[in-house]
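Read the single chain below, which is given as structure tokens and is the form predicted alone.
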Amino acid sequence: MLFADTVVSDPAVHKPKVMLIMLVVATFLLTLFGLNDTIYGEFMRPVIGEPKESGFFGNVATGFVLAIIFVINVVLIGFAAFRVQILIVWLELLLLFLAFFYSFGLNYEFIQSKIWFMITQGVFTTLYISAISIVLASIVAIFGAVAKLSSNGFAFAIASFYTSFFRGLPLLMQVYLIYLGLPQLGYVIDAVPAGVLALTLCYGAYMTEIFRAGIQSINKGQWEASRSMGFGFALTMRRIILPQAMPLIIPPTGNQFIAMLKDSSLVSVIGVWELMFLARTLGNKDFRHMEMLITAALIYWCLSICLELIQSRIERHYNTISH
């Protein structure tokens, strides 16, 4: 049962002081923005004329009207169920963002002609690079976490140096160092493997600490019990330690994967045909930069939402097993 399901919603209509404070604050903020003709200039022009000619009191009146609408919206939503409130607010915020983008005067025919290519080519490459990188980073993180928990000074020194170095350098710099530096050593690497390697090493360093914390959270008695049963180190990790640590490891690892999905855009600087590279290239070709950037932003957001849903299902699965 979710915490929100146990809370009884108390509509704001039963709290006149709260409503009054919300009304005053909303009026002030909307008036402040209205003085710059950025929020409701077009919306209220048929009623009060040109915003710049309406004066301070006209802006206050307009802000007061919009504040009343805002407060009524909050009050009415308060009567709905918790999940319905979330859905309504999400839809309202989405409409606000769409209205914001609509004000840019975008060429939707151009977006329609390019979006399918961006999805089939850019999204596929982005997911391909991110998926391979997160798997390799997880493997690196397991070994790094075990080394940092080891009493062997040599192993601990290597793992600690690795995490310190790759967490201390910007990812973009790592991409350049790998792509341009390895050929100096006689090993020429293509753009996609260079991007995967950079993402793997960078996020492997961050995930090493995540795995270390998850493994360290398991009681030492589990290790002693497994040794008394004759289990080796690998079998103990696979059958006893990691299954118990996964509920703690999964949430931050999922967050790292979402972050990696977005940071994969940095490999576009070395010519990988991922989503950001295509957005820049297609936009530059026809001087439609904003159309392509907004399209890429919405695609990234949709991908992140899908990953969040997958992450929540995995978390529920491991929480069910642990209980």
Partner chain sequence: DEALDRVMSSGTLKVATDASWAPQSFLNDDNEMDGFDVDVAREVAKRLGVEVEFVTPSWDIITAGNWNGRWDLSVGSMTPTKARSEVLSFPAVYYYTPAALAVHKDSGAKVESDLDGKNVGAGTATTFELYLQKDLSIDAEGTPEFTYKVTPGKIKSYKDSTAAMDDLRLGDGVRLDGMVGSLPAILSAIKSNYPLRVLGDPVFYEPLALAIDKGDEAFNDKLAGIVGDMKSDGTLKTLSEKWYGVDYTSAVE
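Source: prediction; values computed, not measured. Numbering follows the first chain given and starts at 1.
What comes next is about the form predicted together with its partner chain, which does not appear here.
Novice: Of the options F124, F79, F117, Y108, which one has a non-hydrogen atom that comes within 4.5 Å of its partner chain in the predicted complex?
Specialist: Answer to the contact question: F117.
Novice: Is it true that L180, W273 and L278 each have at least one non-hydrogen atom within 4.5 Å of its partner chain in the predicted complex?
Specialist: Every residue of the spot touches its partner chain in the predicted complex.
Novice: Although the partner isn't part of this model, could you tell me whether Q112 comes within 4.5 Å of its partner chain in the predicted complex, counting any heavy atom of the residue?
Specialist: No, no contact at 4.5 Å.
Novice: Would L136 count as a contact of its partner chain in the predicted complex, using a 4.5 angstroms cut-off between non-hydrogen atoms?
Specialist: Judged by the heavy-atom cut-off of 4.5 Å, L136 is well away from its partner chain in the predicted complex.
Novice: Going by a heavy atom distance of 4.5 Å, is F143 a contact of its partner chain in the predicted complex?
Specialist: No - in the predicted complex, heavy atoms of F143 and its partner chain never come within 4.5 Å of each other.
Novice: With heavy atoms only and a cut-off of 4.5 Å, decide whether I189 touches its partner chain in the predicted complex.
Specialist: Contact with its partner chain, yes.
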